[in-house]
Structures are given as C-alpha cells and as structure tokens.
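As a starting point, one isolated chain is supplied in structure tokens, in the form predicted alone.
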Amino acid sequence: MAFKQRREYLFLYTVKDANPNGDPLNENHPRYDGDTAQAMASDVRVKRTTRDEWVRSGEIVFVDGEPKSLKTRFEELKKITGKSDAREIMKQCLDVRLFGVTFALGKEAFAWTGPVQFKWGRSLHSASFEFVQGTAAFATERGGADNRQRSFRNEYLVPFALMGVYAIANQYASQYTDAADEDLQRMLDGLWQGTDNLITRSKNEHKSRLLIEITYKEDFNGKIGALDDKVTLLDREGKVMDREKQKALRSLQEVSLDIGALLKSMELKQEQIAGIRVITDGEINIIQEEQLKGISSIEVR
C-alpha cells in the first residue's frame, strides 16, 4: 500500500582523499561549484549508491548498473518476476517505486514521477581539489614493441569534504508507483549502508555520518525544504571559518555542526510533524545535540 505521510531527509557523509562524483566531460575532475568551491554530487550518483546496495542485498531493481539495452533488461525482468505486462513488472522494481521511470519499448511507453526526489549534494564548506599523477601499471606499445618506460596516470581527489544531501518523499506520487512505508525504510538502509560500501579506489573513505528523517502527519502537503541549507559548518570552537580555513579542513574532528536554523524550522512545523528520527555514527559534533535528542529518536550505527 502506498505511503501516506510526507517525509523530508537530510543526509551527511564524509569523503576523504577520494572523488565524490567525477565529471567524465572534464577528465573526471570532481564536480564542483566554481564560485563557492563546494564539491558536488549529482542526484544520479546518490541514487546509484543506493541501488548498488539494493542489488547486493537481492532486491529487484530496474537499473542494475550493468551495460545492457532496455530490451535485454526487460527480458531479464520478465523471467525474474514471472510477469509480462510492463507496468506490472516496473512495480516489482524497488528503484522504480521510489525513483520513478521513463519506459519506452516497442508500442509501450509511459513515465512515472518518483515519489523520492534528491537534490544535488554539496559540501557544507569550500573544498580543495588535488591533481595527482602516478606511474601506470603497464607500458604502452609503439611500433609493435613495448616502450621501455611506463606511462603516467592522472587523477583528481578531494582531501576532505562533508557532503550534504536533501531529499523529499511525496505521498501523492507514491499512489502511482505503489511505494510503501517499507520501501522508504529500504531506501534509508540502502543510502546509509551503500555509502559505507563504496569501497573502490576512487570512492574509498566515503562514510555515512548523519541522517535526519522528518515524518509529517497524514494530509500535510507542505515542507520545510532544502534542509541542507539550514545547517552550518563551524570550526571545533563554534566559530565561522573563512574560505581558506574551510579548504584546509582534513577531518571531521576539526568541525562542529550548527543545526540551529533547522531546529527553528522544525519548531515552526511542530503541529504538522508526526516524528523525527536521527541516525548517526556518533562521531559528528552537533552544537545543539541535546536539543535534537529532546525532540527525536536517535539510533547510533
């Protein structure tokens, strides 16, 4: 049964000596805002992280990350689900129920807006971007023979970034995809665990830090919006950092999180809020931690 209560989410994760989201059209340079020097991660990157975790846990998904045609994937899903109708098959896929789909194959074409929409992720501070060169594992060939020297490999990394991602779950769209409350729980688990499981050379040291879920009462159709804009990163003493100090950050132990504006927004919506849930790894320093404990249930993972 489709979920009936709107949710908003704030998810924070750290990146250490890795690439949050490379741009293939810019030599895989980390995506960034040239004016603010904030590192960025697209909604597509965040959803891929979540989907990859679902694939590992055996969930049925439409986009499984493998290079194949729509026709091939659809035939695979026919065998997996035992169904032949495209709409019925799509509703068997967890990613479609939550993220939506645009389907066009043969005479069948339809599109569903996903109940869960992610905003682009941004670091909560200005970050630095390092260019690194290293020696490649093998030499190239020239004239049918191996070169005597190996070539170089180039890569970019971000020394440290605390990334913030905002998302909203729209109960009205869930009526079309049949996304249920249990699906939203699978999304939280996939997002948190999937980030910790980004264990590749370019994505190693991605770590989930904080997730806040605001669940509203039934029939409420408003929102606070952009929860990531309502938290501020300060130094460990609670002072504002200039851009150069922000770029020089190298660990979570150097910063504090000010959630005062977010708490104020939640207070203004308290009549509409049914519950607030917090998941933390216990390492992020929140200035208003005691206030947050007073209004939410907190789980340490």
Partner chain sequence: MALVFDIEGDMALFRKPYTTTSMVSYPFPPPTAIAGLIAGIIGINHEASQDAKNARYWEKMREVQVAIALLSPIRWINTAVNLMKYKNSNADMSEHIQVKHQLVKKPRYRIYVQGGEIYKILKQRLEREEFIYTPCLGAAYALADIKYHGEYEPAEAEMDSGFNTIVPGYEGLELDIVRSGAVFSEQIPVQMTVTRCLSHTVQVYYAQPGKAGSPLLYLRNQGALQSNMINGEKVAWFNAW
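Just so you know, these numbers come straight off a predicted model, no measurement behind them. Positions refer to the first chain, counted from 1.
From this point on, the text means the form predicted in complex with the partner chain, which you will not see here.
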| query | finding |
| --- | --- |
| Partner-facing stretch of 192-200, 112-120, 152-160, 205-213, counted where any non-hydrogen atom is within 4.5 angstroms of the partner chain in the predicted complex | 112-120 |
| Contact flag, residue 102 vs the partner chain in the predicted complex, heavy atom cut 4.5 Å | yes |
| Contact test in the predicted complex: residue 33 vs the partner chain, heavy atoms, 4.5 Å | yes |
| Distance check, residue 173 to the partner chain in the predicted complex, heavy atom within 4.5 Å | yes |
| 4.5 angstroms heavy atom contact with the partner chain in the predicted complex for residue 274 | no |
| Single option in 55, 40, 241, 46 placed near the partner chain in the predicted complex, where near means a heavy atom within 4.5 Å | 40 |
| Contact assignment for the partner chain in the predicted complex, among 80, 180, 188, 226, heavy atom within 4.5 Å | 226 |
| Heavy atom contacts to the partner chain in the predicted complex at 4.5 Å, residues of 178-204 in sequence order | none |
